[in-house]
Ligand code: PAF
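The data below hold one chain only, encoded as structure tokens and taken in the form predicted alone.
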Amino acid sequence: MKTAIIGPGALGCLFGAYLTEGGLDVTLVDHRPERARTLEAAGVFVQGVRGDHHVRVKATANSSSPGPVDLVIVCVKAYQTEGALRSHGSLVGSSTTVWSIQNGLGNLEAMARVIPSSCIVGGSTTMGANLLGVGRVHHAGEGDTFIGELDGSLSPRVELVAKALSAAGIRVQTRPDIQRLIWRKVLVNVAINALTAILRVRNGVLVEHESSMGVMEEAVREAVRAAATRGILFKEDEALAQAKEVSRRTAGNRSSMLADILAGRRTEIDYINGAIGAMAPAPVNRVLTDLVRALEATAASRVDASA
């Protein structure tokens, strides 16, 4: 299966390394030529729960080189989705499957503005990975990966992709309720990401204090109500329990939003808490969104402890 992965961040490199080891013909596609050359020359180094791996990979900034391909895996930040597919549209042919495993809401809609919706399948993953440098990844935790057709059918193409992922050692399931699974991950991200970025703490700290747990709980309740406006129903107590369990299970992890804030990068806040605030009354999520946006805007003016 000829595969292109758009976005050589933590997940992109992790999947690229494991799928290459699993026998797929994989190319990492980047918008930065110099980074693509580094990946091509040095390969991907993965350390963590599966031990140390050094995998030689193909990488390019010229998407006309590998494309069209059988499978495109989209791993860019949510705000980069539309631009990435416009830049790398040559990867997508009439029979290409385009699979998003991104965070947040709105990615599938952004993809459909650029490529035929018939190409798109949804996905989600709970595999934990942190980028240590160009092509250097810490695989922090195993998790489950999901793929499914947006109309709920179980098609031959999603079964084929799942079989290839499974052969590479990735725990994968084909699911008819992929939209619900995308929302389920959003409920966790709503609880953890913004608050860890604002407080500058690792995930597990949130459930150690009543004050932070109170904010988590209300953010999740608002997100559950927002999901209901889209016809996707969750029980509040189950959603709250899941968010707290993930916080405990990933206690030592830095959320992706915290990593972005610490590195001075733009976050995905508009596609997580911000998306909730845009679709339903959600004052806590709106305040969390404004605070993270303020962190982004004031990064250059931060006062440190020595000042």
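The first residue of the shown sequence is 1; numbering continues from there. In this text the structure is predicted, and so the values were computed from the model without any measurement.
Just so you know, the form predicted together with pantoate exists too; it's not on screen, but the next bit is about it.
Against pantoate in the model of the complex, the set 124, 182 and 187 makes no contact: no member has a heavy atom within 4.5 Å. Put simply, residue 256 is close to pantoate in the model of the complex: some heavy atom of it is within 4.5 Å. Taking the partner from elsewhere, residue 103 is found to have a heavy atom lying within 4.5 Å of pantoate in the model of the complex. Shown alone here, residue 192 lies within 4.5 Å of pantoate in the model of the complex, counting heavy atoms only. Among residues of the shown chain, residue 250 is one whose heavy atoms approach pantoate to within 4.5 Å in the model of the complex. Annotated contact segment (heavy atom within 4.5 Å of pantoate in the model of the complex): 242-250, selected among 242-250, 63-71, 277-285, 26-34. A heavy atom within 4.5 Å of pantoate in the model of the complex is found for one listed residue only; from 145, 80, 96, 203, this is 203.
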